[in-house]
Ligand SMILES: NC(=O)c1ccc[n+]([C@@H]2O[C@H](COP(=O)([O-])OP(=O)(O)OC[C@H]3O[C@@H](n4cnc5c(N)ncnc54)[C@H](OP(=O)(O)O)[C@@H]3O)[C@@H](O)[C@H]2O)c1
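Read the single chain below, which is given as structure tokens and is the form predicted alone.
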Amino acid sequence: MRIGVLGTGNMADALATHWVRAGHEVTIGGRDPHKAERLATRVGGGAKPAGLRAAAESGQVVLAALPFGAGVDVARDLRAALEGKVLLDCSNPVGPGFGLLTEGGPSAAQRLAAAAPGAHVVKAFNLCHEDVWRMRPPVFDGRPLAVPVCGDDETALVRVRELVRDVGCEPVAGGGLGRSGLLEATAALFISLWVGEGADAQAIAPPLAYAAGPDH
């Protein structure tokens, strides 16, 4: 698969490294050509450095590994290059006090979709710190990490589910893009529990067998 990466930060590094190892053709796009070249060299596996537009044009899937706010501007600028592409959003619009910066409005993923209406936006990879995504693979107590995926286009979802498995995780159907705000709110809650309270977010949910109560 051809993958364009928009951004040269930690999430771009972590995910692109897995995908290169899985045999995908990756192009790293950045505003700063030196940063794009450094990341492409670090990722290895034939990853190519490029500008943002060239990276968007190169990919069947385009990862928007950009801060909330910047992603919308970039997607709007590249809307023609993103036409018909899968646009994968991993951002978290979490602000001071672990509040959602999108409160009362569309999710970050929906804003990307509005900025590039010809793209098929999918939300995934937003619930964990970048160092978790660097693990080979992210397996805990013998279970691969589950990754919720939200999107409206089935072909796009098939591609993203493949990329989730290439990271060593299991994709979980999260519903349509309209539910992406729930994923972003979950991230805000988890971050507040982990960072603000030092609490184990996993401990707030019972095992699946007890999800409907012990009698079920």
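Numbering starts at 1 and runs along the sequence shown. Not measured: the values here are computed from a predicted model.
Below, we refer to the form predicted in complex with this ligand, which is not included among the displayed structures.
Candidate site formed by N10, K35 and S91: every one of these residues places a non-hydrogen atom within 4.5 angstroms of this ligand in the predicted complex. Among heavy atoms of T102, none comes within 4.5 Å of this ligand in the predicted complex. Taking non-hydrogen atoms only, R53 never approaches this ligand to within 4.5 angstroms in the predicted complex.
Contact check for A70: a non-hydrogen atom falls within 4.5 Å of this ligand in the predicted complex.
With a 4.5 Å cutoff on heavy atoms, Q110 does not count as touching this ligand in the predicted complex; it lies far away. Just one listed stretch, out of 59-67, 176-184, 163-171, 147-155, contacts this ligand in the predicted complex at the 4.5 Å heavy atom level, and that stretch is 59-67. Contacts of stretch 111-130 with this ligand in the predicted complex, defined by any heavy atom lying within 4.5 Å, are made by F125, N126, C128, H129, E130, listed in sequence order.
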